[in-house]
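Single chain ahead, written as structure tokens, the form predicted alone.
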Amino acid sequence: MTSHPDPELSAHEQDVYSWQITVPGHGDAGQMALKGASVLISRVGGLGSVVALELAAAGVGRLVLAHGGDVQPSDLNRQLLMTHDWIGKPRIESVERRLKELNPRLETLCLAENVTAENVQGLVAESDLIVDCAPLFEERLLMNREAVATETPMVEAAMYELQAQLTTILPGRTPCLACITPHSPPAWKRRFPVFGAVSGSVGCMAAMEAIKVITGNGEPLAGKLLTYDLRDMRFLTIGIQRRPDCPVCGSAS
């Protein structure tokens, strides 16, 4: 993954990332892979804000960010890139401002819209990897279809109340989202009960999945689904299979 035009590390970057460069299997090569990567994050709210923060902090070179609407008071329990003084102003502007404060070297492509059938192709074309953080299944399924069509890896993360789940989709090798959830659940709504600490927990793990796919260091949750419930700290990882009749990836090789 080499979307960034200059993946070489400066002396300053060597210093900033010195603690993680010493992680076994990472080194300068892994750090340059992060700098050379472009990652799409759909919605930069309770889940996506943490993903974006962690990837910006880790040194990913470019983030493609799609999130519509203005900051609301109800965002502030979990959306860590939003601030009280930005209430009533565009969310995506707060997101870009906060990320650049953390990492001024970060390149961003920001869209003040949510993912739609009209923009999904262009957004995915700008990306080496997708992290799906959308609250609505319509958006998730759109990105899944485009990820499979373009063979773009996608980290799929979700939460509800005190529960969360995570998997990594490698098109042609693993089940896609439509294998697991072929249709949007009829009763699902955009607003649902959640603590920010729950979305933050799965956001950190989703960021780590993205880092593993980009650098090749570690084993991502490919063909595996991690589920957990923080109410009693139960964690479970299960194997998942591609559906031969899946309308999205059933004919993928």
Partner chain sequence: MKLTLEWMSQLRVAAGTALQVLDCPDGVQLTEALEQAIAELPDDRSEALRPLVLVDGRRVSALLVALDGVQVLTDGNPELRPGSTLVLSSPIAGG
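Residue numbers count along the first chain shown, from 1. On a predicted model such as this, the values are computed, not experimentally measured, just so you know.
Here the subject shifts to the form predicted together with its partner chain, a form of this protein not shown in this document.
Mapping the unseen interface onto this chain, residue 78 counts among the residues with a heavy atom inside 4.5 Å of its partner chain in the model of the complex.
Although the partner is absent from this view, residue 244 contacts its partner chain in the model of the complex, with a non-hydrogen atom inside 4.5 angstroms. Using a 4.5 Å cutoff between non-hydrogen atoms, residue 182 counts as a contact of its partner chain in the model of the complex.
In the model of the complex, none of the heavy atoms of residue 10 sits within 4.5 Å of a heavy atom of its partner chain. The contact with its partner chain in the model of the complex, taken as any heavy atom within 4.5 Å, belongs to 159 out of 159, 147, 71, 99. Of the listed positions (57, 208, 225, 32), a single one reaches within 4.5 angstroms of its partner chain by any non-hydrogen atom in the model of the complex, namely 225. Stretch 134 to 142 is the answer when you ask which of 121 to 129, 104 to 112, 134 to 142, 87 to 95 has residues with heavy atoms within 4.5 Å of its partner chain in the model of the complex.
If you take 220 to 245 and check each residue for a heavy atom within 4.5 Å of its partner chain in the model of the complex, you get 225, 227, 228, 229, 232, 234, 236, 237, 238, 239, 240, 241, 242, 243, 244, in sequence order.
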